[in-house]
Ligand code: HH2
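The data below hold one chain only, encoded as structure tokens and taken in the form predicted on its own.
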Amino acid sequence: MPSRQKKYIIQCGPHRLRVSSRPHIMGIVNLTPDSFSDGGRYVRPGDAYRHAARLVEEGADILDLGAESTRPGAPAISATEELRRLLPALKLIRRLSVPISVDTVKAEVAAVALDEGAHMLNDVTGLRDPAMRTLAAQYRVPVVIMHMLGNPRTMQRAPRYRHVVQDVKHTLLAAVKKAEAAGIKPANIILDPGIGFGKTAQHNLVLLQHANELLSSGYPVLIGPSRKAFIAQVLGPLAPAERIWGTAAAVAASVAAGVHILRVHDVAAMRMVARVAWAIAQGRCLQSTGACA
């Protein structure tokens, strides 16, 4: 049974997430024309809003908005361009009664997004930029500190580790130390091992197999396995949208290990997977369902 003795509560503006009570689902809203999975589908603000609203109806506990692709080899864009993509959609999506996370590595973009109603930051570089650490401390918002080798342009060029689980954990805890030194409260820190970011398929599988190692660090853990390339390396050549069953397996394994937040594209399906996996791990139904005696 996953260990959830420690009670984690994440305060996202007016939203209070008790992530130790059950697995929480973060729904992905890509505002990019070049995302690996659904790039270009939601670049229009109205389309992005309708997609976000559908994810909330399907059970998303958090929405994660990203306006710069972090797929392997993706080119960097300017803060101006990122804000041009992000802000019109954010101004619509903030009407929804759900915490909004912004997936960005730029402090300038993060500051504007927080001023415009975002509640949380998701930084795939693990807060490498001191300005991002200072900003997160100033705004007192939750931050996802993710592990990545290099940057999206270089991360998949023969990534190597001595011991991937321990190396990732060590790097994340070093980032946590810097974050806390900058004034970020421990209660606002979430760790993400960065599935697919500077890892081979084998690295990803081992990290998922040993997700409980990261949980022992004393911080809530987020994992984002959704539609990732390692699934196709296990199952054979599949387009991203066809990797739903592989994603389901990774989500179930993550929940069984005790992971708190799952970042996914297919919210309705993965919410069901997470609920059943959690019920099995606990040996009981979630209290909110009332469906089991």
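For clarity, every value in this text was computed on a predicted model and none was experimentally measured. Don't overthink the numbering: it's just position in the shown sequence, from 1.
A second form of this protein, the form predicted in complex with the named molecule, is not displayed here; the remarks below concern that form.
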query	finding
Option from 118-126, 169-177, 84-92, 205-213 whose residues, in the predicted complex, bring a heavy atom within 4.5 Å of the named molecule	118-126
Residue (of Ile231, Ala48, Val255, Ile28) lying close to the named molecule in the predicted complex, criterion heavy atoms within 4.5 Å	Ile28
Triple contact flag Val19, Asn188 and Val259 to the named molecule in the predicted complex, non-hydrogen atom at 4.5 angstroms	no
4.5 Å heavy atom contact, Arg243 to the named molecule in the predicted complex	no
Contact test in the predicted complex: Thr247 vs the named molecule, heavy atoms, 4.5 Å	no
Non-hydrogen atom contact Phe197 with the named molecule in the predicted complex at 4.5 angstroms	yes
Exercise: Val141 in contact with the named molecule in the predicted complex, heavy atom 4.5 Å	no
The named molecule in the predicted complex - contacting residues of 216-241, heavy atom within 4.5 Å	Leu222, Gly224, Lys228
